[in-house]
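So this first bit is one chain, no partners, the form predicted on its own, shown in structure tokens.
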């Protein structure tokens, strides 16, 4: 469980980032955190991970307050930033040095993960490419046994086959007692993984709900010409026509695939039209 209540945070007093931010995340789910550049996504992740401290309010992860940085908390949370640093060590040496910080670390699982990514445990991490370094850290995080796994732009640097491998590995790693948060701009890379969507904009939670509910409330249809108003909440030009977000009840199609990029653009452009369907204040 992750619980934020009336959380305030600012880098400078004249420009508050979060004011009375409220968020509740429950175990057993993969959350997708989306937002424009500067919306506060990385700051929010660092607050949850205990790398930044709230100015006011509550930030709880399980039974812990992240800012206390209790060893038991740190051993149960794994945070992989977008820009990663790796020491000048072989992977086996890295494991000897860092795996003991995670009591539930599973070496067999780690070996399986890096094997899937085509890496060997005797390779020097500094000599790996950026994408390969990220694969090692992804494998380490998934094998850590941590109850909270926070991944900031996890697919940056991965080639197309590796992205497919990442999706497979991550989908196998979710358990009933684990929370996984993915923050990304590469929405299409993780759209099949995300169960619950969080959209952050201007330091506020603009939208939060399950993709199951999204599919029940909204339809995503392609039209050869720009659709007229009515049941259409938003439409954008795509090759060959327009992609429209519309009321599922008025859609001619019973089932449509969710386009997260188009949904994101629709919510950013005019959130009130859609959030009212989900009983969320825009």
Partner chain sequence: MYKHKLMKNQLILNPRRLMRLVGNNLNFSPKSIGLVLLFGIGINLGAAWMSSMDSTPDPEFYLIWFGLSLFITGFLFSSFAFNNMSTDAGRQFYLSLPASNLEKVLSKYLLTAIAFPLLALVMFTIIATLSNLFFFQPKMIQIDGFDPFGTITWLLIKIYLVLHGIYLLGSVVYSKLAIIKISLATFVFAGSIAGLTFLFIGSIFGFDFQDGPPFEPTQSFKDFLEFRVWPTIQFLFWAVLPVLSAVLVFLKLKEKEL
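Positions refer to the first chain, counted from 1. Because the structure is a prediction, the values reported are computed rather than measured.
The same protein also exists as the form predicted together with the partner chain; that form is not shown, yet it is the one meant from here on.
Annotated contacts: 68, 79 and 101 all touch the partner chain in the predicted bound form [non-hydrogen atom within 4.5 angstroms]. In short, of 160-168, 91-99, 188-196, 203-211 it is 91-99 that has heavy atoms within 4.5 Å of the partner chain in the predicted bound form. Taking the partner from elsewhere, residue 115 is found to have every heavy atom lying beyond 4.5 Å of the partner chain in the predicted bound form.
Of the heavy atoms in residue 30, none are within 4.5 Å of the partner chain in the predicted bound form.
The closest non-hydrogen atom of residue 53 lies within 4.5 Å of the partner chain in the predicted bound form. In the predicted bound form, the partner chain sits beyond 4.5 Å of every heavy atom of residue 128. With the partner omitted from this view, the residue of 146, 137, 119, 174 that lies near the partner chain in the predicted bound form is 137 [heavy atom within 4.5 Å]. Residues from 1-25 that approach the partner chain in the predicted bound form with a non-hydrogen atom within 4.5 Å are limited to 9.
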